[in-house]
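Shown here is one chain on its own, the form predicted alone, set out as structure tokens.
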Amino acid sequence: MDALTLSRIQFAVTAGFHFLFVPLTLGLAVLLAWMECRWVATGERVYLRLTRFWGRLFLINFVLGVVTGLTLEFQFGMNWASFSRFVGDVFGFPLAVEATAAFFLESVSIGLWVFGWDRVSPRIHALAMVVLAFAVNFSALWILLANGWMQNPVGHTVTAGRAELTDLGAFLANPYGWLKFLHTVFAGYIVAAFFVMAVSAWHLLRGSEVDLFQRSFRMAARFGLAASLLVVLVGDFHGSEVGKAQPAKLAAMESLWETGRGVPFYLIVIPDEGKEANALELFGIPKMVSFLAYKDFDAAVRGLRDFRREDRPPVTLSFLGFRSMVGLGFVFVLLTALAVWFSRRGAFKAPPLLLKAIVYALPLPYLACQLGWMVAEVGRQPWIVYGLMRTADAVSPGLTAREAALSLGGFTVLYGILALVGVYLLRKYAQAGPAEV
């Protein structure tokens, strides 16, 4: 493998591993703020115990997310120096705001929350968690606005081989960035909801702390149902934006080879990239791709043959990732709807089969998040900045395959150790249950 391929694998490994922790941080912070505010509002001590229990798991996950995120920035200089030079004038603004405003706000609020027990009033302590929940989502906004610019570059000019930000308003109003932010954040809320539901269900199946875990299960189920419905809604708008900004990605996501109007949606498709066609197409819904992409049943949709081979993304990977992600999204709607129905206030009747299903379904939201990012990044290829810079031109000049292989091996070993530590700690304290306070 050459330096480019190894660098791509390395960034995929490190970014994918980092994003195992980010979604849970985004959603669990909001759930914790809700729990602690309930404690302050009602005075019921059960909500204090819930806050302390889930707060410990949140902190373990938060620390692992911070540690694994630091390496991503170093790779911009080590492996992707040409990319960093090209986008530095654009990325400087959002990344500076993320670091100096959002991350500092996270640091202060989490410090107050961790060390403020019995040192500040319950209201101030709950406010710290509310601020923290806002800060972690505010931090994600700036990262995703930057990524949204890579997907749909706006408000810039290219001078002397560098992109320079010339219209801050266009950058901030980029619809691709905002849809990406909402889609990612709501997906993170689903991860947090299933995490809380799964741990709660595990304890309920064993009859431990029944009242406490019924409450956390109920709260997470409502939170998860709302997030699941919002993901479906935002995902629909996001798909339309992909059709406008990246028609080649849309064609790959649908494995559409021929340009046409009123394009049908096939429930079963087997792509054949070698023959530039689909080996199998079954159960077509007339004109549905045109409607989903452009909200017009007779809209024209460009096929992959309209693009040069070197400008097409990997079709099979994009198609399977997209179909799997969408299918999982509807599974989440079904499971959270059932969880809400059977955990109604005063009538908690969740059957053991549903509780077991939710425990075993815990990996699925994590998988859906990884698939979403795979579609977003693989579907953008061969561009690292869509239409402006190819991934092949973004790697650091002078980087050798040996150097890239050594850093890839080092990160893989380090992240493997962190994975073992993270899983061990989360499992240990999740199974231990809440302590008395």
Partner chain sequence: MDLSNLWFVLWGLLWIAYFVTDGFDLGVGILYPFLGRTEAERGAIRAAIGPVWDGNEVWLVIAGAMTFAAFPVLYAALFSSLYAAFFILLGALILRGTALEFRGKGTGRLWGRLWDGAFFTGSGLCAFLFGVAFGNVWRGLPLGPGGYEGSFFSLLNVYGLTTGLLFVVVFAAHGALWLALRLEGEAGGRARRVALRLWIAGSLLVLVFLVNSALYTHLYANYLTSPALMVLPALALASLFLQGTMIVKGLYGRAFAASCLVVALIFATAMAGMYPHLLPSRTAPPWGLTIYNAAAGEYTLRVMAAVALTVLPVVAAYQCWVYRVFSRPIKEEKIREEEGY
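Keep in mind that this is a model prediction, so the values were computed, not measured. Residue numbers count along the first chain shown, from 1.
The same protein also has a form predicted in complex with the partner chain, omitted here; what follows describes it.
- With respect to the partner chain in the predicted bound form, the three residues N137, P264 and S290 uniformly fall beyond 4.5 angstroms at the level of their nearest heavy atom.
- Among N278, S84, Q214, S240, the residue placing a heavy atom within 4.5 Å of the partner chain in the predicted bound form is S84.
- With the partner omitted here, the residue from D298, E310, D236, E73 that has a non-hydrogen atom within 4.5 angstroms of the partner chain in the predicted bound form is E73.
- The stretch among 88-96, 349-357, 334-342, 220-228 whose residues place heavy atoms within 4.5 Å of the partner chain in the predicted bound form is 88-96.
- Contact annotation: F115 falls within 4.5 Å of the partner chain in the predicted bound form, judged by heavy atom distances.
- Proximity of K428 to the partner chain in the predicted bound form falls within the 4.5 Å heavy atom cutoff.
- Contact between A404 and the partner chain in the predicted bound form is found at the 4.5 Å heavy atom cutoff.
- Looking at V385, you'd find every heavy atom of it more than 4.5 angstroms from the partner chain in the predicted bound form.
- Shown here without the partner chain, the chain has R52, R56, L59, I60, F62, V63, L64, V66, V67 in 49-68 lying with a heavy atom within 4.5 Å of that partner in the predicted bound form.
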